[in-house]
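A single chain, nothing else alongside it, follows as structure tokens in the form predicted alone.
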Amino acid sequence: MEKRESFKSSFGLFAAAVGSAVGLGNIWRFPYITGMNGGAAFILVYLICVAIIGLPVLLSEFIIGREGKSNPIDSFKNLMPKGKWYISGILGVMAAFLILSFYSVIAGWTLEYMIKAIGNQFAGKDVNQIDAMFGDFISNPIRPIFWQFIILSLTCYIVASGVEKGIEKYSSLLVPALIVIIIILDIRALTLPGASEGLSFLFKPDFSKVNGKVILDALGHSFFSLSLGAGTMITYGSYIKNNERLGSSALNIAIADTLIAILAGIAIFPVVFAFGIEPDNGPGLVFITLPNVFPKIPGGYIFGILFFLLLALAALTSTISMLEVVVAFGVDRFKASRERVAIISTILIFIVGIFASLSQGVLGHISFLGTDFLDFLDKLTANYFMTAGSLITILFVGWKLDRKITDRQLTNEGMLDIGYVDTFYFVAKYISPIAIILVFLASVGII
């Protein structure tokens, strides 16, 4: 049997997993959803939710991956050959394929806007003109598909290069670069007049705004922010060496993911308040509102370029992990070369993505359950595939998997003395499943 690839270093694992978790959701959705739910109070609720749902599911996926030593489907089969628990792995691989199909479209938008920023195309335009610019671009049948092709080609090259020479190598470069850019943007944002109001909004809790919706939004974001339920962390878990501390790795990844999301908020909210923009402006903040603001800020030309470069890097680190889920399955199942599987998978994902892109324009009249194809793929994967997959995973580890296996993985064959095993089991058995069910019921509109 061919020896399975692995991450060479602890930092390589950290960078790859953080890169997977940190995506466009951290840069635009977290500030947007924080703005909608009242700022700092939401962040505190969110941190609690990460502890009760994010960390346990992340750790469970690592356990399954490292013990199963295979892709998300076969890892379950290796651990429980006679059960149907591998359905979680099937949902994960399908989710990764479909998410990458539409996510690569949006990732391509960030490249277009980086070029627009370099060309200073936002200067002299008001918000209505920039709104029209965005609408004209995403409805164009050619340009978004061109950028989608570029982002998928880069992703394919990195994944085809292997775990150590591709994913680990480039994640170890991209994630630090991403963090440096965020810090530069933070420093610039904090020097704007009115920045203190943005910081107050972000860090001064107003618990009067905490209600059921805020809690459900926090649960949902803590769940999706860490790339749970898409097979990513099971796949990466299969590349983790036996001497790595799974608990510490999961905790560090969750902390880094949350910190980067908060740093993104620091980069955005001072700008929002300095120019009197509503903090709950939604995703339009990124492609419409902020491009209107950049030219009005001293040094805003550079600020704008860095911002869209940040978005592009965040998108690329996530597309790498999603393609790897599909490629790992193909390599394990068909015993084909990594390069061949990566190319074939990318072509198939690109074809589906073309329809997602065109659904924003010439195919926009075609409806899937009341929405366009891109939004349909988003809702299908987030509301059903990822949620169901994560629920099955946490129930499997909490109730079905032999506890000796979990103890062995968490203690590294008894070499580590850890005191959180009983707490982990309690949360995995009772708290996390209930929280995931609430996320599902909220996402489909039942509550």
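Values in this document were obtained by computation on a predicted structure and should not be read as measured data. All residue numbers are counted from 1 along the displayed sequence.
What follows is about the form predicted in complex with a small molecule, which we do not show.
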Which of 96-104, 264-272, 332-340, 362-370 lines the interface with the small molecule in the model of the complex (heavy atom within 4.5 Å): 96-104
Any non-hydrogen atom of residue 225 within 4.5 angstroms of the small molecule in the model of the complex: yes
Residue 386 within 4.5 Å of the small molecule in the model of the complex, heavy atoms: yes
Residue 230, heavy atom within 4.5 angstroms of the small molecule in the model of the complex: yes
Partner proximity in the model of the complex: residue 24 to the small molecule, non-hydrogen atom cutoff 4.5 Å: yes
Contacting member of 171, 155, 110, 318, with respect to the small molecule in the model of the complex [4.5 Å, heavy atom]: 318
Position in contact with the small molecule when the complex is considered in the model of the complex, options 234, 159, 328, 322, heavy atoms within 4.5 Å: 322
